[in-house]
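Given next, in structure tokens, is a single chain: the form predicted alone.
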């Protein structure tokens, strides 16, 4: 983190003459109705505060751009969740046929709702949320070649970011806990290993297609067991992998067909995984202004119960409400069911603007019937409801 903190100091001195600057502060409250598995986690309420800013500056007839997004959270109970990150610090040079980006970025690949299977460029910021949507900024050089036949993105990533994990007092953590001080790498270069990726993307009528290959340090570590000062703990081991992936979305009227698939080697036995499904939108539900989306997905991982996630052989069903009101109210609810043992994970997310600068978000995560062999078993007492109130200025 020291290089990022140094960059941040330079950044804030430069931002005094910002051309376009926005920021937000948020208060997050989580309520855990059940007793925790271990005494250090035994609290029902957790409070944290979040700050994020976004700065943009364009020049050279909008052919050059500088953007930066610092992020900071202070957490009541878990010191590991109190952290600072540069989500983005990027310079962009654009031409008619190419774009060059240099710095720290967030890049998203994929189309599936319940799992981001092929999304591999950025490291997951797991102390933020278990849904995998929060990512750490990734240092990179990215050259995009733009042609009529599609876009070819080339990535060089000279610095690896380790995954964040909740600490001893953090809820929503593994049992036993993960000790990140014991992290190990397959590569002798460790976090300085240079990673590479290439992705081709294009649309063909109603079809949007992305085909990619990644070589480098896996963003998804193996969690291995050891003993530290008399305590059994897990430690991350970061393999060197090759991953080839495909993401496809077809828009057919009110129906979206979606597919993500990958082939990965270097992390144990070579394996395949996929996630596919659809989302159908009912526009103007029962003559109202409300749009209702119906989602169904299937998730499969060839590793079965050896997979370090809950998406080994699961069916996901969900609904999405867009109320299309002045407050931009939305609601998403989903249920994931394990076909093998009946374990269930229910998720609900809702958001609404309260005033011009105030925004309220609600989130709930609930696990049922978790099998001792599933990764979700460690979280069986960590159901929670969260309220996040954010002020934008």
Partner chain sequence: MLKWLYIILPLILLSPEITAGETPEEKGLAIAIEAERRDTGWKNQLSDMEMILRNKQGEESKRTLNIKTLEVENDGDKSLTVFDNPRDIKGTAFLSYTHALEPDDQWLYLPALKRVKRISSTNKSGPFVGSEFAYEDLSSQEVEKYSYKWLRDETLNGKETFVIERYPAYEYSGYTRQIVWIDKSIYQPLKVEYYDRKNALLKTLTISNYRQYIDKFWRSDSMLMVNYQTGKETLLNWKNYQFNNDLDERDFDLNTLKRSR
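The shown structure was predicted, so the numbers you read here are calculated from the model rather than taken from an experiment. Positions refer to the first chain, counted from 1.
One more form of this protein, predicted in complex with the partner chain, exists but is not displayed; see below.
Peer 1: Name the single residue among 177, 171, 163, 116 that comes within 4.5 Å of the partner chain in the predicted complex, judging by heavy atoms.
Peer 2: That would be 116.
Peer 1: So the partner chain isn't shown here. In the predicted complex, which residue out of 337, 362, 65, 37 has a non-hydrogen atom within 4.5 Å of it?
Peer 2: The option sitting close enough to the partner is 65.
Peer 1: Would you say all of 88, 94 and 283 touch the partner chain in the predicted complex, counting a heavy atom within 4.5 Å as a touch?
Peer 2: Heavy-atom distance to the partner chain in the predicted complex: all three under 4.5 Å.
Peer 1: Using the partner position in the predicted complex, report whether residue 256 sits within 4.5 Å of the partner chain, counting heavy atoms only.
Peer 2: Within the cut-off, so yes.
Peer 1: Going by a heavy atom distance of 4.5 Å, is residue 289 a contact of the partner chain in the predicted complex?
Peer 2: Close contact exists here: in the predicted complex, residue 289 approaches the partner chain to within 4.5 Å, heavy atoms only.
Peer 1: Is there any non-hydrogen atom of residue 324 lying within 4.5 Å of the partner chain in the predicted complex?
Peer 2: Heavy-atom contact with the partner chain at 4.5 Å: present for residue 324.
Peer 1: Whether residue 251 contacts the partner chain in the predicted complex should be assessed with a 4.5 Å heavy atom distance threshold; does it?
Peer 2: Yes - in the predicted complex, heavy atoms of residue 251 and the partner chain come within 4.5 Å of each other.
Peer 1: Mind telling me which stretch in 231-239, 211-219, 146-154, 261-269 gets its heavy atoms within 4.5 Å of the partner chain in the predicted complex?
Peer 2: Among the candidates, contact is made by 146-154.
Peer 1: Would you give me the residues of 354-393 that have any heavy atom within 4.5 Å of the partner chain in the predicted complex, in order from first to last?
Peer 2: Contacting residues: 356, 357, 359, 392, 393.
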